[in-house]
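Quick heads-up: it's one chain on its own, the form predicted alone, in structure tokens.
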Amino acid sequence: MSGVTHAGRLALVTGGSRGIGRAVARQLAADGADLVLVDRSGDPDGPAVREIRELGRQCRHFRCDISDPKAVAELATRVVAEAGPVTILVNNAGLTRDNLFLRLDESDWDVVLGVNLKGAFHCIKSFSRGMLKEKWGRVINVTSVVGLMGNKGQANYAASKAGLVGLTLSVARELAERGITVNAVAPGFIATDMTGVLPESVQQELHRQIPLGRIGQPEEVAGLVSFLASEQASYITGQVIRIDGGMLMG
């Protein structure tokens, strides 16, 4: 987006090594931010890190289970010591354990809520402390249209993403007076590893549900996230912005 710049900012993206997270990290770097990528696994010198460095920005990769509050607190200490205060936080990490509700194991419920919702809670709690000191910050939570409309076989995933909406609205109210905005983006069907494995017939059915007639691209989500992280979005907080090709109009 024209005029967007993150020069002098450090951004942290969870789940930043692939899919939407990777596109978001790349866009933030292209717009001037240095990056910290956080995943449960991944290569500290992998493609996502290299492409950011090729843009002339600094990039570090840390492995962390964000569902573990102690691990996140230790991560925050390491990041500040090695890279400085994080002022842009993108809670993108997420996973699925799909099954029909009556067949859904409690363990699959717990692991999805643990990463998708509690992980964001832990990260906001740990990294907003630096934003409070700076009196400036941006938190962007990546939820999903599934959290707004539900989906068969995804009760745990939908609950986690709906929870992110409530978390976004509540934390936005608490942090606003300190110059920190908190927003959420709700992607629809986006071309990632998850949608790429769907049968062609399923993908065609998805297309018919979307007024724009196509699946979105990660870069389209990334552009919105970068704008929300910018100074130009300083009067936007507590919003959930759908980016879904018109699927949930109204």
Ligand code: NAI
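These numbers were taken from a predicted model, which means no experiment stands behind them. For every residue, the number given is its place in the sequence shown, counted from 1.
Absent from the display: the form predicted in complex with the named molecule. The rest refers to it.
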(request) Please state whether every one of the three residues 95, 115 and 189 places a non-hydrogen atom within 4.5 angstroms of the named molecule in the model of the complex. (result) yes
(request) Counting non-hydrogen atoms within 4.5 angstroms of the named molecule in the model of the complex, say which of 76, 171, 142, 131 makes the cut. (result) 142
(request) Could you work out which of 182, 29, 66, 37 is the residue within 4.5 angstroms of the named molecule in the model of the complex, going by heavy atoms? (result) 66
(message) Against the named molecule in the model of the complex, would residue 11 count as a contact residue? Criterion: heavy atoms within 4.5 Å.
(response) no
(request) Although the named molecule is absent from this view, report whether residue 20 comes within 4.5 Å of it in the model of the complex, heavy atoms only. (result) yes
(message) Even though the partner isn't displayed, in the model of the complex is residue 157 close enough to the named molecule, meaning a heavy atom within 4.5 Å?
(response) yes
(request) Indicate whether residue 161 is a 4.5 Å heavy atom neighbour of the named molecule in the model of the complex. (result) yes
(message) I need the one stretch from 132-140, 98-106, 85-93, 174-182 whose residues put non-hydrogen atoms within 4.5 angstroms of the named molecule in the model of the complex.
(response) 85-93
